[in-house]
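First comes one chain, alone, set out as structure tokens in the form predicted on its own.
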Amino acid sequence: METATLNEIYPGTQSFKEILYTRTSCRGFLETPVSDNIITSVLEDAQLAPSNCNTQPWETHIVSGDKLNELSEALIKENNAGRFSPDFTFDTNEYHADHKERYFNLAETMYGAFGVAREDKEGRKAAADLNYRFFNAPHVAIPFMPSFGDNVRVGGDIGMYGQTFLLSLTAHGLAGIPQTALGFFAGTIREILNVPDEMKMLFGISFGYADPDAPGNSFKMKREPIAKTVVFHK
């Protein structure tokens, strides 16, 4: 008895390489909403992500429509007022060596794509505010997690869930971007979505159909060769 191939079960299935090399962080979406059945399919894929001791420590909230607009307005208001409520610390000043250089390269490339000069403070703020407009995406997925110990392992689990979610988006012809910027307002997001305080937030993923004409989609950052990031032991 022959075993059916994945492409026979799911016609049009891309190879892993195709999905991996196609995926990119999208910074400009069309307003077209994603159908509920496609979102459900992506969530079912993400549910297959590995986790420590199979704890599956994610509770994902999908925000769309009027609720997404309400959330966006609240985030912009809190950001303008400087009222941050993160669950986890983050400071780009702690980057050093190659990590700092990569961060600067991304910032220079991104602001350049938006046509914003380094000295243009208002332009840079407007570009940064796109984070809180979800880059015009019609949906955002926010995986909340329980707090276990120092949260390192559960944070790793959430990261693996997020990567699986992102790859599934690509496989479905969609685009997404993981945004730790949203984590600066975890308290605000919890309040609006009525999420218990014990559930923590690290990032959100805005998603939808990519806008090919958006300035934020005119570039793709390169990756280092593995010779620079991998050490082999024999």
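What you are looking at is a predicted structure, and each value in this text was computed from that prediction instead of being measured. All residue numbers refer to positions in the sequence shown, first residue = 1.
Omitted here: the form predicted in complex with a small molecule. The next part is about that form.
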item	value
Non-hydrogen atom within 4.5 Å of the small molecule in the model of the complex for each of Leu106, Met110 and Pro178	yes
Partner-facing stretch of 47 to 55, 188 to 196, 22 to 30, 66 to 74, counted where any non-hydrogen atom is within 4.5 angstroms of the small molecule in the model of the complex	22 to 30
Arg223 within 4.5 Å of the small molecule in the model of the complex, heavy atoms	yes
Residue contact check: Phe134 to the small molecule in the model of the complex, 4.5 Å heavy atom	no
Exercise: Phe165 in contact with the small molecule in the model of the complex, heavy atom 4.5 Å	no
